[in-house]
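A lone chain, given as structure tokens: the form predicted on its own.
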């Protein structure tokens, strides 16, 4: 991974010297086995950039906060589609954005790696050896088989080499998808439950939601400048807000189901919503279910940046007449 990091730093310095105002990449996190978004505005700052299998955050959401600048951003294959959708929805001007693609060998599940390494390991180097990552920790090599230690979203990934980028860093990565992985297996098991058990499952899941809105804040598809759930409605109109600020199961249902439909057909599948949830709500169950239903009803729309639910055509069948 050292070669990719060095190439990233060279490209970042070149782009900043050629007029890019902001380069968004990754830096080492303050915790072990963790990376954080890193914002570079000067060539001398590029030495802080890194890339390794802990660079999980989707950085595309941050472009929205700097849409008036010439921005370069590091994208993995799973992040790439979010850019096209934000451009298609006119949130971003593609001419102002330089996409710096990195071939991705998969992202390691931090919790499982730390369970093997123990608390506060000092990871000195990371090497991608195809079917496994090798971490050097305190001078010793520790091998992590991808099939066991990759994040779930990576096991079904078929686009780990981002397409349509402006700059590609590093060599093409071999496929990471596990042919035995079934992304709908858990969803089918839930659908097979009797109605009462299915309801109990979702009540237990949504009952622990704090409504901290971390899932919304990190999601590139949640791009509204003002969220309907937090509209400041003055005076007597406050009764018209969609949900109360108090935590309750009905309002938790209301929030999550409306948000799921809001991103249906627009979700890039980066799974950031699920990763940042502080209480571990499996939000990708909803997103994968809706993606499967949309594919069944409208065909595969992965290559269409607008998505199935963002396009209107007079030829669409109308079932309401």
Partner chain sequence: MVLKLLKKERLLSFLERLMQKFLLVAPVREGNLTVYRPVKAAAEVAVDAPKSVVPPKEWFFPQTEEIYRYATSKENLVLEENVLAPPAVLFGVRPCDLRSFQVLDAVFLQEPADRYYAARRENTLLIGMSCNTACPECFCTAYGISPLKGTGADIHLTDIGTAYLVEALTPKGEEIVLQDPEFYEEKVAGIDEALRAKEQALTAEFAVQVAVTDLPAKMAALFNHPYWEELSRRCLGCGICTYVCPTCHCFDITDENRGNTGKRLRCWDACLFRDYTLHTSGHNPRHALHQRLRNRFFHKLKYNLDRYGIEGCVGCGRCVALCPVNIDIREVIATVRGLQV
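These figures come from a predicted structure and were not determined experimentally. Numbering follows the first chain given and starts at 1.
Just so it is clear, the following notes concern the form predicted in complex with its partner chain, a form of the same protein that is not shown.
Contact with its partner chain in the predicted complex, defined as a heavy atom within 4.5 Å, holds for exactly one of 153, 146, 216, 80, namely 216.
Its partner chain in the predicted complex comes within 4.5 Å of no heavy atom belonging to residue 179.
In the predicted complex, at least one heavy atom of residue 41 sits within 4.5 Å of a heavy atom of its partner chain.
With a 4.5 Å cutoff on heavy atoms, residue 67 does not count as touching its partner chain in the predicted complex; it lies far away. Its partner chain is not drawn, but in the predicted complex it has no heavy atom within 4.5 Å of residue 94. Partner contact region in the predicted complex: 119-127, out of 119-127, 70-78, 97-105, 167-175, criterion any non-hydrogen atom within 4.5 Å of its partner chain.
Taken together, 31, 208 and 246 are fully in contact with its partner chain in the predicted complex: each brings a heavy atom within 4.5 Å. Contact annotation for 254-282: residues with any non-hydrogen atom within 4.5 angstroms of its partner chain in the predicted complex are 275, 276, 278, 279, listed in sequence order.
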